[in-house]
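One chain follows as C-alpha cells, the form predicted alone.
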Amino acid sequence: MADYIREKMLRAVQKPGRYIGGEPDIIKKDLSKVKLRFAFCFPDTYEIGMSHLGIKILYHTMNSIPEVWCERCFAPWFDMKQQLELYSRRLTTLESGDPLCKFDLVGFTLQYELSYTNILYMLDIGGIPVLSAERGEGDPIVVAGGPCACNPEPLADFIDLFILGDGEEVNNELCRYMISAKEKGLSREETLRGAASIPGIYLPSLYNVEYNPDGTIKRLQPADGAPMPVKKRNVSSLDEAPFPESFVVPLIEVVHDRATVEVLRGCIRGCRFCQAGFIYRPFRARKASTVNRIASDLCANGGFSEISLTSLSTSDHPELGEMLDDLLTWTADRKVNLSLPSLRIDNFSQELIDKTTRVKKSGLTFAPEAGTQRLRDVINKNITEEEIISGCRTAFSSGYTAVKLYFMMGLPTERDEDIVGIAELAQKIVDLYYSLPEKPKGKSVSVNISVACFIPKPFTPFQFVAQDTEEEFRRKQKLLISSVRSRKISVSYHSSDTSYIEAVLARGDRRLGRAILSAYRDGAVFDSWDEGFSYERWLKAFEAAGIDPAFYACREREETEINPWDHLDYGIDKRFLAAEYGRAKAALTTEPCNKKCSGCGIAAYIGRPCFDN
C-alpha cells in the first residue's frame, strides 16, 4: 500500500525526479551499524540545493564517519505539498525515505534570509515541533549553519544549535559528541548544553536579551558560564580540507550541472557591502595541483562537461596561471569547458580569454557595482572606469558582442548623479564597441544592466547604514530607466519589496521570531520565489507581532549600539568596521589585504599574519 500511494503521489507532481532519490553516487549505509542519523536539509527545491557546493562537501565529510549516516532532504514544491497533505504523509529524506522526525540531528543551511519560512515548513511537514521550546526527548536536535548564521537571532525560537563559520571540522565533532551523548543516556537539555561547549557552536537559549525603551538592545548576557563571545570555526588550510572525489549525480536538470571546485575561501578586496568577503576571512587558497586533481576526479567520476572554479574572486588566486595550464593539459582533449564565474574586470585579460574558451565561449559578467568613481571608492571596489573600459575592449576585441554588468542602488552616500552614471557607463561601453575596428563584423552589441537594491548586512562596514525606503528605491529605478538612451542597453532590477524584507531579517533580533512564525502560519512558503512571496503577508505578520520593520531596515545605527550579533565573534573587530564606514563616508579606499594589512582583526584571531606584507 505504501508503494502504491507513493507512486500516485509521484505521478501527480510536475517533477517527480525531485523526490525519488537513487541517484548515482548516493550514499547508503547499513542501519544496524549506524549510531547517528543526520538529515541535511536544504530549504529550497532539489534543483537549487543540488547545485550548492556546501551540501556536497558536508555530505561527504559527515559520511566519512562510518557510524554516521548523513542523508539529504529538500523543500517539496507546492504540488508535492498538496500530495503530502492529501495522503497525510511526512517529509522524508532521499536516501532512506524515513521522515525527518526519525533522525537524531536535522540540519539546515542558511543561505538566504527569505528561506527562513521554508525551515519552519520543512520541520512542520517532517513531524518536528516548529518551536524549539516545544520539542521533547524523542525529537531531533535541530541545527543550522551557513552565511546567515552570522546573525542567527531571528531564528532563535526555532533552531536548537547554530554552527558558526566553516563546517568541515565542527560538524564531525558535533556528530561524534552526539554519539557519545546517546551512549551516556544524556537528556535533551544535557546534550544541548554539552554541545555548546564545542567551539563554534552557539546555543541561543543560554543567552538572555534585555531591551531599552526605544527598542534597541540594552544588554545581552550569557547564562551558566556560556562562552562570551562565541567564536566562529575556521579551517586553517583549505588545501588540506576534505573535498569529495565525486558528487551525487542528479537525475533531472539542476541549476548548475557541473563539477564545482572551490579554489579559494575568503577575499582580499574588502568591498564594504560584501558580507561574504568579511565573514569568510582569512584568505586561503588551494594549490594549483590540488585543484587539478580534484577537478580531474570529479569529471572522471561524474561525467561532467564543465568545471566551475568558484570563489569570491577566482582571478585573485596566487597560482591562477599555473592552475589553468594544469587543467588545460586534459580538459580540452576531453571537451570539458572551464568556467571562472567570479572574475574581476581589472584582472581580465586576453590570456584568460584564451585559456577559458578552448572548448566553449561562455557569457561575460562583470560587477562595477556603482556608476561613478566616487561611489566605487565609497564601497571600496578599487576599480577605475579606465579598467572597466579596458576589460570590455579586451572582450570585444576577442569576439564578444554582449556583456552583463551588475550594479547596486541605494548605496551609502548615493546621489542621483550616481544612478545616472550607471546609464552613462553603459553608453560608454556601447560607444566603445562601435569604435573598435576589430569588432565582429555585422553584429550589434548588447549591454545588460542588472541592478540590485543594496541591503546592509551584519559584519560589514555598512552594518550601521539605513536602507533606502521602498519609495526611494522606486524613484531611483525610474530615474535609471529614463537615463538609458540606447536600445543596445537593457535594464533589469530587483524588487524593492523582497529587498526590504531581506534587510529586516538580516539585521533583526530574536523578537522577529513571532513575525516569521506568523508569516508561515499565514502561508508563507518559498518566499525567495515569485510564486511564493507576498509582501502584504509579511507586513501583516509584522503588524500581528507588534513589530515596526523599518526599525530594523531603515534606521541608521550608532556605532556604539549593541547589535543582535555582537556576542558572536567572526574575527572582525567592530571598531575596524566603524573605521571603514568612516572612510567610506569620506570616499577613501583601503588597499587589498595582500598589499597592506588593514588591521581588521582576523590576523589576531588566527594567531598569525594573513600575508607576508
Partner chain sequence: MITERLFFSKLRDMKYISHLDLYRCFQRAIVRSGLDVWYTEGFNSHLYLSFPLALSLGFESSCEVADIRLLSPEEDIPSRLNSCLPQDIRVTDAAEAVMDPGEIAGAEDRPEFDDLELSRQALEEALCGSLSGESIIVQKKTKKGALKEVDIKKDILSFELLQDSQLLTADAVLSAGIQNNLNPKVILDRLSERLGREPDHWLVRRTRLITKYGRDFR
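Computed from a predicted structure; not experimentally measured. Positions refer to the first chain, counted from 1.
Same protein, other form: the form predicted together with the partner chain, not shown, and the subject of what follows.
Would residue 304 count as touching the partner chain in the predicted complex under a 4.5 Å heavy atom rule? Yes, residue 304 lies within 4.5 Å of the partner chain in the predicted complex.
Since only the chain is shown here, I'm wondering whether residue 599 would be in contact with the partner chain in the predicted complex (any heavy atom pair within 4.5 Å). Result no; residue 599 lies far from the partner chain in the predicted complex.
Residue 335 versus the partner chain, in the predicted complex: is there a non-hydrogen atom within 4.5 Å? Heavy-atom contact with the partner chain at 4.5 Å: present for residue 335.
Heavy atoms within 4.5 Å of the partner chain in the predicted complex: does residue 25 have any? Residue 25: contacts the partner chain in the predicted complex.
Choose from 424-432, 365-373, 246-254, 449-457 the stretch whose residues reach within 4.5 Å of the partner chain in the predicted complex, heavy atoms counted. Comparing against the partner chain in the predicted complex, the contact stretch is 246-254.
Sequence-ordered residues of 16-49 touching the partner chain in the predicted complex, heavy atom within 4.5 Å: Those in contact are 16, 17, 20, 21, 22, 24, 25.
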